[in-house]
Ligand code: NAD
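In the form predicted on its own, a lone chain appears below as structure tokens.
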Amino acid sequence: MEQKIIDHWINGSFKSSSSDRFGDVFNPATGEVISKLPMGNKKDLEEAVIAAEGAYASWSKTSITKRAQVMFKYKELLESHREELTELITLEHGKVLIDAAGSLQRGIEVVDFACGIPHLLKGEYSEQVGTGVDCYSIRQPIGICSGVTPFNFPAMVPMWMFPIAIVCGNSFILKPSEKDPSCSMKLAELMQQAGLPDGVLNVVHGDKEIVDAILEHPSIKTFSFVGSTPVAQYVHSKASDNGKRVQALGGAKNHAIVLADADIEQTANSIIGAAYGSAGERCMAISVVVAIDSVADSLKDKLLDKAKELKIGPGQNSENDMGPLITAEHKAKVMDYIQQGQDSGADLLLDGRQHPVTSQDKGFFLGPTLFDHVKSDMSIYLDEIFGPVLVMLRVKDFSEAMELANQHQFGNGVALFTSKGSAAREFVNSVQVGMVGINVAIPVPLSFYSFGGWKDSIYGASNIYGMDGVRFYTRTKTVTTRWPDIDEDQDINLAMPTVD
């Protein structure tokens, strides 16, 4: 049976690729290939750039009110197509429907924020900064913007980028993950239905070849990325060398620090959800538990019991808690990390490789894994595994726990579980991590704040969405004006102007 081909979306319609290379898109719950995807090339990108340039010329001059009205309509369409979008996410990514629906909602919240951007585009005005001189600033769009997004959030992360860029007056070229592209295609179609002019939003598919073409193209002014740290380092360097503004978010190893005064039952529930939700394929997943010695045993027992109870299977089944991993290759990589942890001497309490679902013929399933007595020099602690693997370290006190989080190369997210306000306040002030939760396991900021970590979890000066997004997708222009009377005398003065 011939496989469906998912074409590019350029200038408001589906466009076949000029490339003769194609990749497979799987249903990870069955292991079956469900469609083919073109691995685009420079020619495909050039067609998208031409469309984006033409659209930008008029869209950038469209009134702010009209741009916001399109986004209001888009939000309405997203809400009316929730079920279809959620099913597309689950089909190609594998996460359970309720999780897919939650991630979609977080994307819609950014669209909601984008609807209010006209208020944030207001400039500043100062009258009489000098005699008869006024000064004001304005924000203007920057041009063609681009985004390369990861497989784990095929709706949410694209909507972290293009809605803000578009309301600010830019055009946008999106390169979604080649592993689950269909949701992004539907997002683009709905934008057209909302009244967005053709060419303002374009979607191209591919791998490193087309990403490099985006990084090198002189007409593309910004580059936004979410993915692994090695790739974030690469794209930040290459995009910067080519004169682009860059947002590049990388990897994570998010710690949950549990103090002796924490509510252990509530804490264990929070950690289980944050560690194994979406099969651990979240950049904000909790993958490390750091427990004070006095509560470590009781916490370990609760985590182990709750992890054993998780139901694993196809995401379409509402009874399941956890779906498959994205590909067979990624499953093998995660299993290799489990072996590394076992070989290094960590205490393997629950081995996901031994779960019955792991060895079944269909799908890329892997059961939950839990390690205890992990050391800070082990690969399972140092590396981002991006799977259903939770590791536990034991420390003597709060200071030692804080030091672990601060010394780790990643600084994306962290959570502290405690009932003591003074400890929480000290933690917020001193921890070297960009997103902090107090008794909140997944502290993803709401849309009117900004998302971004510290250290090797981010490259570039800008976080994503929120006011940081508005600043990233606009340029500030400052204007100084003077309107002298036509018959007013003015002598030539070669000195630097000063306030008078």
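Residues carry their position along the shown sequence, with the first being 1. Only a predicted model underlies this, so the values are computations on that prediction, with no experimental measurement involved.
This next part talks about the form predicted in complex with nicotinamide-adenine-dinucleotide, which is not shown.
Asker: So, in the model of the complex, is residue 457 in contact with nicotinamide-adenine-dinucleotide at a 4.5 angstroms heavy atom limit?
Answerer: Heavy-atom contact with nicotinamide-adenine-dinucleotide at 4.5 Å: present for residue 457.
Asker: Classify residue 323 as contacting or not contacting nicotinamide-adenine-dinucleotide in the model of the complex by the rule of any non-hydrogen atom within 4.5 angstroms, answering yes or no.
Answerer: Contact with nicotinamide-adenine-dinucleotide, no.
Asker: Answer with yes or no whether residue 172 is in contact with nicotinamide-adenine-dinucleotide in the model of the complex, where contact means some heavy atom within 4.5 Å.
Answerer: Residue 172 lies outside the contact set for nicotinamide-adenine-dinucleotide.
Asker: Using a 4.5 Å heavy atom cut-off, state whether residue 228 contacts nicotinamide-adenine-dinucleotide in the model of the complex.
Answerer: So residue 228 counts as contacting nicotinamide-adenine-dinucleotide.
Asker: Can you pick the stretch from 84 to 92, 391 to 399, 363 to 371, 178 to 186 whose heavy atoms fall within 4.5 Å of nicotinamide-adenine-dinucleotide in the model of the complex?
Answerer: Going by heavy atoms within 4.5 Å, the stretch is 178 to 186.
Asker: Which of 206, 387, 341, 141 has a heavy atom within 4.5 Å of nicotinamide-adenine-dinucleotide in the model of the complex?
Answerer: Among 206, 387, 341, 141, a heavy atom within 4.5 Å of nicotinamide-adenine-dinucleotide in the model of the complex occurs only for 206.
Asker: Would you kindly say which of 56, 26, 451, 472 lies with a heavy atom within 4.5 Å of nicotinamide-adenine-dinucleotide in the model of the complex?
Answerer: Selected option: 451.
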